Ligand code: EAX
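Take a look at this one chain, the form predicted alone, written out in structure tokens.
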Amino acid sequence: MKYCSRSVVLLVAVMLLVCAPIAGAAPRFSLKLGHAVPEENAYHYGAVKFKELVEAKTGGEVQIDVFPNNQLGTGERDLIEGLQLGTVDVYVGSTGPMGGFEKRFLLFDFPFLFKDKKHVYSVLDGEIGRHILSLLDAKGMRGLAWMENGFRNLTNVKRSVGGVGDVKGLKIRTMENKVHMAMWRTLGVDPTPMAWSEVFTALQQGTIDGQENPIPVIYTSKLYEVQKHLTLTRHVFSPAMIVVAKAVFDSLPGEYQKIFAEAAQEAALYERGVCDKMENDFIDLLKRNGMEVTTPDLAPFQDACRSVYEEFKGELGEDAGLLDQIVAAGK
């Protein structure tokens, strides 16, 4: 009987050992998420939220390591290329450089296209937004959700901008985006594409006069240290995305693909709220840090930029009509 009891105990112990999870076992999928901004930026909050949701919903089977501040590349274009090359698994960032990979992403870069954020998300969360994200599949990427970077605004070190004439002659850093660059040329500005990682030093050294970005980027990047004038031009709304390399997404089990999609939507809504709060809080903080903030009449800017629509509308091909649909949705 003692032998039998000992055998039972030994058998139970072996079964528990076999069935128990192995402490410190490696995750089934280990992914790298890259973005181009500091950890104080709303993108990072959205990226971390996505990581947390995916890891929790998969029980740790998927691990996502977040690499902020261009650790996986030298700018957003580099990170997007990394999705195609296999050096980046997940990208969180702006759509600005995406027009270089799929022309129809230029749709959201037309100046003064959106009236306000309500207008923006009626479009991005609707049929148009879903259609544009789906175009990434053919480029080796899977678009999961729309986040935001807010409306872009102008800063410079030379002068206060109260009207269109005040921007003429300024040398302004832009993203590598031909619609953005055409808009600034139309206004008499010298647009200078440059990786974001190089911008602060270029401003500090006077290589460029200014830049344009949403309020959260301007504050968290401490541009008030090298810029004097902030002009609330709100000239382009800057959507952001959570994008996964298609090869990575396709390698996931169906249940995990669903988790990724749901987690991305939840993280995107969270990030939008963070971005809104930052924008409201940071304008006041920029003033306290010495920046002069002006709000010009935007109608002359809008009128001056109408030619950009005619110049680039044809590049949208069969989707050119979406421009009119977006404008109509804001009325």
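All residue numbers refer to positions in the sequence shown, first residue = 1. Quantities reported herein were computed from a predicted structural model and do not represent experimental measurements.
What comes next is about the form predicted in complex with the ligand, which is not displayed.
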Partner-proximal stretch of 171-179, 121-129, 102-110, 201-209 relative to the ligand in the predicted bound form, 4.5 angstroms, heavy atom: 171-179
Is W196 part of the interface with the ligand in the predicted bound form - any heavy atom within 4.5 Å? yes
Applying a 4.5 Å heavy atom distance criterion, does V37 contact the ligand in the predicted bound form? yes
Close approach of R142 to the ligand in the predicted bound form, 4.5 Å, heavy atom: no
T155, heavy atom within 4.5 angstroms of the ligand in the predicted bound form: no
Just give me the single entry in L187, V217, L83, I242 that has a non-hydrogen atom within 4.5 angstroms of the ligand in the predicted bound form. V217
Does any residue in 39-62 get within 4.5 Å of the ligand in the predicted bound form, counting heavy atoms only, and if so which ones? Y43
